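One chain comes next, on its own, written out as structure tokens in the form predicted alone.
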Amino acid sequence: MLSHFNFRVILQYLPLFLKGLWATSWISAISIFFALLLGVLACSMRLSSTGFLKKTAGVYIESMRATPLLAQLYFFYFGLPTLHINLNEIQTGILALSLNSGAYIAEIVRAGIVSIPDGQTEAGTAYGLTYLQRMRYIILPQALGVTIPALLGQFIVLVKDSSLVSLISVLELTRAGQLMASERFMPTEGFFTVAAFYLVIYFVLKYLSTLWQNRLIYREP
């Protein structure tokens, strides 16, 4: 199959693909950062003993998980301006990706926290640590460590879902493939190149997650 590929045209469009790769990378990185923050915050609220916080987190998590990301993206893109909230295409994409992925991360982190033995929390309390200190130094590092595989999977989903922002005219990897396919009528070459770049991002994330897991995961001495 590769013998029929026109690699010369791919090389001509390589600057466009690299521009799209850069856009996909930093949009995904920012979205992952905010999604992780939102996930930890929503998880803390859902585990809270305060009914209002628990219900608020529950509404956010269930509404994000029950509706398609594409519908959320279009809602923010077309709906927010009617509320006089004006965001550009990139900001809208980051908002949708962060809110959507944050709901899934909240449940992943919650599962990790619940799996931590009660003795860990009791030991922190015995040493006089506050709730925030117990979460910061004992619970969260272990919870994040044991949920690294699930978090990696969610991060990869977010990176792939970032291709949807091409539908609101953001120039990222998928959009670069669309432009090549429409201008040169070479969809196979265009989207094969897009897939290759996404594969590179996947292995980078996998490598970083391994480093993160080795740093955070708790091991018995």
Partner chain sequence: MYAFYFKSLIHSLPLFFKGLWITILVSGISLVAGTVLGIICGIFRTVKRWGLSRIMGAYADYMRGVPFLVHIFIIYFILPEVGIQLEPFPAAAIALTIYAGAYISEIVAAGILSVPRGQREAATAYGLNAFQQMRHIVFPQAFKVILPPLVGEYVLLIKDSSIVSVIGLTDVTRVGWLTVQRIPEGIMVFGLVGILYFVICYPLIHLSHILEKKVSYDAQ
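Not measured: the values here are computed from a predicted model. Between two forms, the rigid core is the largest collection of C-alphas that superpose within 1.5 Å. Numbering follows the first chain given and starts at 1.
Separately, the form predicted together with its partner chain exists; it is not shown, and the next lines address it.
Contact with its partner chain in the predicted complex, judged by any heavy atom within 4.5 Å, is made by just one of M45, I30, L171, I156: I156. Although the partner is absent here, L70 is a contact residue: one of its heavy atoms lies within 4.5 angstroms of its partner chain in the predicted complex. Its partner chain in the predicted complex comes within 4.5 Å of no heavy atom belonging to E183.
Residue contact check for K206: one or more of its heavy atoms lie within 4.5 Å of its partner chain in the predicted complex. Its partner chain is not shown here, and in the predicted complex it never comes within 4.5 Å of any heavy atom of W26. Taking its partner chain as positioned in the predicted complex, the residues of 169-208 that bring a heavy atom within 4.5 Å of it are, in sequence order, T174, Q178, P187, T188, F191, F192, V194, A195, Y198, L199, Y202, F203, K206. After superposition on the rigid core, the Cα atom of K19 is displaced by less than 2 Å between this form and the one not shown.
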